[in-house]
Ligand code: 5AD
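The chain below stands alone, shown as C-alpha cells; this is the form predicted alone.
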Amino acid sequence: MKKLFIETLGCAMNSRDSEHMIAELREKDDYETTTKLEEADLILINTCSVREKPVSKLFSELGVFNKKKKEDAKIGVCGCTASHLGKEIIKRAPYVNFVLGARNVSKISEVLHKDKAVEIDINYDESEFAFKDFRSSPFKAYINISMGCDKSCTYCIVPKTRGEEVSIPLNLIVNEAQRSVDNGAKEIFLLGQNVNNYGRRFSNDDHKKVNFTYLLRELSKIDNLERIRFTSPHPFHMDDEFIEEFANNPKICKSMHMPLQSGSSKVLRDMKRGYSKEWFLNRVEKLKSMCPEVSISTDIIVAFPGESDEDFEETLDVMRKVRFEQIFSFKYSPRPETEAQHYTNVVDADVASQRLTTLQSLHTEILDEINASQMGKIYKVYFEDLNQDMYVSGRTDNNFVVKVKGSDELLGQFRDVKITAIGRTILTGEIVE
C-alpha cells in the first residue's frame, strides 16, 4: 500500500475532516497512514485560518515538507486556509500539487489525480455524502452534525471558509453513531460550528424539522452508548428546553463549552454575537441550578477593537462569577474578509498583551482553587489514552482529565477513580476496587 502522512492543525472539525480523507484514500486509492514524512507518497496538511499564526505556519511547514519528502511524493493543502487562499498557495509554493477547501473533503480522491487542482467551493454541499469509516480512536467517535456557519460575527473568517450552515440528516448521524458503538466506541462527540442550531437548514426541504434537543434524545436511545459530548453550542441558542435536556439526560456528559468571547455587552454588540453579558450569565445560572456538577469552558478574545479598560473589567467580572474550568484565550487577530478587519479603533499591542496576561493569571488562580477541591473525590473515568510513563488517562463525565497507573487493558473501560494528586491540566488517581 502507498503511504499517507497527514498533519492536522486547528479544531476538532479539522481532525474529523482528516479522518474522512484518510478513510476515502484508504478505500479508493490504497493508502495507509505513516508517521514518517520521508517515506510518504502523499503528504497532506489540513489547515486552520481562525487566527493568523496557523496561516504563517503553513508556508514554513510546506518548505520543510518539500525538503524532506521523497522525490515523487505529492503535497496537498486542505482545510480552511486552503478555502481562503486557494490558488495563492500554489503561487507561493509551486511544489504543492493540489489545494482542497474545507467544504470539499469528499473530493480528495478526485484532486489527487489532477495536478494543480484547486477545489475551494464554499457552497459545495457534502451534507448527504456517506464517507467511508475511519476513526483515530476505537473508543471515541467524532461525528459531524452540521457544516458551515450562518452567523456574522465581525471577527470570524469561518463563514468565508466553510460556507453557509447546513445540517446533516438525522438518519445519517444516528446510523454513524450506531456503527461507531457497534465497533466498540462508548462515547460520541458531536461537532458543528453552532451545534445547538442544528436543524435550521437541510439540503432537502422535505426533511423532517427537528432541533438539537430532539437529536440528543434520538442518539440517547442507542444501546451501549454511554456518553454524548458536543461542541460548540452558541449561547444565543441555549433555550430552556436545551438546558433541561442537558441536565436531565444521563447520557449527556456534564461539561459545557460556552464561547463567551467578551464579558462586555458593548463589545459583544460590536462583535455581533447576538447576546448580552446578562443573557450569558442568566444561562449559566440556569445551567448550574439544574446541574450543579457541570463544568464550563469558554473562548475569550481580549483587545477587540474599541475594548476599553471598563470593557475588559466586565470580562474579568464574568470570569469571577462563572469560574470557568477551562478557557481558550487569545489576543484579537484581524482576519481577512471580516468586518472587524476594517475597524480603526485598534487596542495598543502592549495593552493587549497585558490584558491577556491578567486574564490568564486570574484563571490560573480560579483553576488552582477548583483543582484543589477535587482531592479525594471519586469519579467514573472512561480510559482512552495509553501514556508513555506507564499511566493510562481518560476523562470524567464533567471533563476532568485523570490518569492512573495501568496498562492497555484499561483502554475502553470505565473505572471509579479516587483523586490523589492535583495538577493544573491533569489529575492523578487510584482505581477504587
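From a predicted model like this one, the values you see are computed outputs, not experimental measurements. So that there is no doubt, residue numbering starts at 1 and follows the sequence shown.
Another form, the form predicted in complex with the ligand, is not on view; read the next lines as being about it.
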Sort through 380 to 388, 363 to 371, 66 to 74, 47 to 55 and report the only stretch with a non-hydrogen atom within 4.5 Å of the ligand in the predicted bound form.
47 to 55
Could you spot which one of 333, 183, 248, 109 gets a heavy atom to within 4.5 Å of the ligand in the predicted bound form?
333
Can you pick out, from 196, 261, 144, 255, the residue that has a heavy atom within 4.5 Å of the ligand in the predicted bound form?
261
Distance check, residue 82 to the ligand in the predicted bound form, heavy atom within 4.5 Å:
no
Partner proximity in the predicted bound form: residue 155 to the ligand, non-hydrogen atom cutoff 4.5 Å:
yes
Quick one: does residue 188 come within 4.5 Å of the ligand in the predicted bound form, counting heavy atoms only?
no
Residue 299, heavy atom within 4.5 angstroms of the ligand in the predicted bound form:
yes
